[in-house]
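Listed next as structure tokens is one chain, alone, in the form predicted on its own.
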Amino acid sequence: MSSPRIVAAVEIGTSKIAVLLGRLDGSTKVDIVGHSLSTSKGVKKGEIRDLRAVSDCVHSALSSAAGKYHIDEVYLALSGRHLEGNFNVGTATVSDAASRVRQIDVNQAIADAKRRELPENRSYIHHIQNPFCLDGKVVDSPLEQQGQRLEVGYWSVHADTPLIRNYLRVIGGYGMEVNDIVISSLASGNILAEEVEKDAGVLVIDIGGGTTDWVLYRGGFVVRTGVVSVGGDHITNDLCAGLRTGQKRAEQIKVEHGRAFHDREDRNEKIWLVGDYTIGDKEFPKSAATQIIEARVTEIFEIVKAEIKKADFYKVDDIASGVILTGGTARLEGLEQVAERVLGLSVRLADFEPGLDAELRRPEYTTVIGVLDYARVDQDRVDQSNDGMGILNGLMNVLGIQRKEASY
């Protein structure tokens, strides 16, 4: 058994900084020893705009979560519209005289799938393996099977290198190195979707403050991921403009009175515009708010649907397990009803094992729970790439950052 280590899972979002501390000892168990959820400043749509402001927020959150513990490793969630993906298929002609697939053939097909070079200032984050095909038929393991042509596909996610550099600088300013990076959609999907759901096909949508992350599973594999530059903060901004009130009050109206769909009865319910009942404060029908919210929520799901359709992956029968919703905006009443109407799929809200502390079962912690689980399990199995650490090591070299050897 390896020596226990304290691992910090960190999510630097547009509206919040989430940190989860876990004690890992090499077993399947994770003891959560600290957590922190605080307001984020200096981030917009998943991109750092003010490095100093972000650093102050993250360092404070890390210190608050750590308490008496010394953090040994940091795993970082990454989101933002700068994330993109491409699907590449690698092929290899079976070289054995008896047409039996050998490891050299597997390695050649994998290398061929990853051969695609990126433009300057782009770096790979994940190579996510899809099934092997031997002579056009899907196989779980091609080794020792007979055939002529071996194929394997990879969904490869890449990011803006300068933006990654800024995230690493934030953690570096705390005196720590980032041990690995995982995209937010993959972290959320891996912890929320059960294996049977991944096999049948499932779409996980995480609606945060500035972005909406999604991941689509089919046949047990990740086939697509994406990020939409719209989230819960945009709902708040819409309420600001539509109701002509301040940001703080608009957020309060959304949380206390908001609903994702408009109902005729909302015309009869009144909400105070300012809420302090002073001169100048006035009532307005709840319908004014719910109509605004429904329009923006509908747009979010329509964009996600359009992106999946564009990749020709939107087949209802292939997403038999439906949709799982999470993220802070998933708290909005009636969100699943709107999702069902727009996406035409069954929808459920994310839930966690009862053993988790009640506060940690909040949707705001979904991503960091997934990131901590990513740190717990073997990296090869999590992103199915066989080179997860290799990607980050190579990225560190690109960024000119000296990196210690991993201890596991």
Partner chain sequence: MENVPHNGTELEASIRVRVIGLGGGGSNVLAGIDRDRYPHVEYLAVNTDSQALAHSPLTHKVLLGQNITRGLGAGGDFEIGRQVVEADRAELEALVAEVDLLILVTGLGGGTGTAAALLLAELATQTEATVLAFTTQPFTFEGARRREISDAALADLREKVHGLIPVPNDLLLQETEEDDTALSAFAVADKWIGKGIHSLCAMLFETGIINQDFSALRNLLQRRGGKTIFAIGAGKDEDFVKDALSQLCDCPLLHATERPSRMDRILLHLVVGSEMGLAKIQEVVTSISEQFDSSKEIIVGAVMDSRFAKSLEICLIAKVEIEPTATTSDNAGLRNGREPMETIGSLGLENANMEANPKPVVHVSKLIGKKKKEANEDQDEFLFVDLEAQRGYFEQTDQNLYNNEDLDVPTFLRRGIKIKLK
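Computed from a predicted structure; not experimentally measured. Numbering follows the first chain given and starts at 1.
The form predicted in complex with the partner chain is left out here; the points below concern that form.
Engineer: Could you work out which of His59, Arg341, Arg361, Arg49 is the residue within 4.5 angstroms of the partner chain in the predicted complex, going by heavy atoms?
Structural biologist: Checking each option against the partner chain in the predicted complex, the one that comes within 4.5 Å is Arg49.
Engineer: Pick from His257, Arg81, Arg122, Arg100: which residue has any heavy atom within 4.5 angstroms of the partner chain in the predicted complex?
Structural biologist: By the 4.5 Å heavy-atom cutoff, the listed residue in contact is Arg81.
Engineer: Any chance Leu134, Lys137 and Gln148 all have a heavy atom within 4.5 Å of the partner chain in the predicted complex?
Structural biologist: The answer is no; none of Leu134, Lys137 and Gln148 reaches the partner chain.
Engineer: Tell me which stretch of 106 to 114, 225 to 233, 191 to 199, 177 to 185 has a heavy atom within 4.5 angstroms of the partner chain in the predicted complex.
Structural biologist: Contact-bearing stretch, as computed: 225 to 233.
Engineer: In the predicted complex, is there a heavy atom of the partner chain that lies within 4.5 Å of any heavy atom of Asp72, even though the partner is absent here?
Structural biologist: No, no contact at 4.5 Å.
Engineer: Looking in the predicted complex, any heavy atom of Arg296 within 4.5 Å of the partner chain?
Structural biologist: Yes, contact at 4.5 Å.
Engineer: Is there a non-hydrogen atom of Lys45 within 4.5 angstroms of a non-hydrogen atom of the partner chain in the predicted complex?
Structural biologist: Yes.
Engineer: With a 4.5 Å heavy atom cut-off, would you call Asp312 a contact of the partner chain in the predicted complex?
Structural biologist: Because no heavy atom of Asp312 falls inside 4.5 Å of the partner chain in the predicted complex, the answer is no.
Engineer: Pull the contact list for 286 to 309: residues with a heavy atom within 4.5 Å of the partner chain in the predicted complex, in sequence order.
Structural biologist: The stretch 286 to 309, when checked against the partner chain in the predicted complex, contributes Ala288, Gln291, Ile292, Ala295, Arg296, Glu299, Glu302, Ile303, Ala306, Glu307 at the 4.5 Å heavy-atom cut-off.
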